[in-house]
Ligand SMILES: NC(=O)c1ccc[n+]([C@@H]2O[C@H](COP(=O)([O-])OP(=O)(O)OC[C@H]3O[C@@H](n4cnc5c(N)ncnc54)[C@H](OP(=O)(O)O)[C@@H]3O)[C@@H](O)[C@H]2O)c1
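Next up: a single chain in structure tokens, the form predicted on its own.
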């Protein structure tokens, strides 16, 4: 089988396409023939080994885990002896970020608990766009910001993978949503999704007169604490993406600031969560949210796809298809 691998840290040039044996699933695992894999910013950071602190877990000089990719959708072709919830022929999707990555491949063997069944609400390949980004958005809004119906929300980076899910989820949760993106990407939103659109190239966010209960920042172009003046009393700023170093800063310094003010600065690292993902599936089935697909590349074009994601000119999610 073909597998997208890295042997050293660096840019897309370090990616290799290697022939490897098809893995044999363990007793608690399933073997999945990958139809498509979703690209996330985590894949870029994993490839780069950046910020440097990540290498404490991933390997200081070179990556211990050499397979790339977390999100995937595909078909079960073999099951381990102890697997009873899935069977050969089932279509599934999941996030492998807590069990070794490696979704950019023809086949993947992983614990059955890493997957949930798909259905015909979406094309099979599109389910690969769902796991990490949607769970990250839902966790940030529901569990971290604890957003309430009627609250005013500003989503910065609304056209990206996490941001585009955040906009939709926030409307389901009853928030008043202001989306920030470039003018070129505004057509992906309509009045049913957002209450207001802001072109960040035309309007400086820090000069806005409006104030918000929650700022969900999936872009991190500005210093996080500069957004304090845009928060209403008891407002929450939640940093979720764009700059991992800034996330660490908010995690470390936000706790101190939060003791001194009723305005809170929060950040978090998202992990796979079956409970949250099941909520997402329900909303997808009800037609309330859906993944926005920017581009579908062949698996062999992983380098080009990762660079496009990093350049931040996408509308939603990028997929790799077998």
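Being a predicted model, the structure only gives us computed values, none of them experimental. Numbering follows the first chain given and starts at 1.
What comes next is about the form predicted in complex with this ligand, which does not appear here.
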Original post:
Pick from 151-159, 118-126, 202-210, 89-97: which stretch has non-hydrogen atoms within 4.5 Å of this ligand in the predicted complex?
Top reply: 151-159
**OP:** Could you work out which of 169, 175, 179, 219 is the residue within 4.5 angstroms of this ligand in the predicted complex, going by heavy atoms?
**Re:** 219
Subject >> Non-hydrogen atom within 4.5 angstroms of this ligand in the predicted complex for each of 41, 45 and 185 >> reply: yes
**OP:** Answer for residue 215 alone: is it within 4.5 Å of this ligand in the predicted complex, judged on heavy atom distances?
**Re:** no
Original post:
Using heavy atoms and a 4.5 Å limit, would one call residue 270 a contact residue for this ligand in the predicted complex?
Top reply: yes
**OP:** Using a 4.5 Å heavy atom cut-off, state whether residue 312 contacts this ligand in the predicted complex.
**Re:** yes
Original post:
Would residue 240 count as a contact of this ligand in the predicted complex, using a 4.5 angstroms cut-off between non-hydrogen atoms?
Top reply: yes
Original post:
What residues, if any, in 1-25 have a non-hydrogen atom within 4.5 angstroms of this ligand in the predicted complex?
Top reply: none
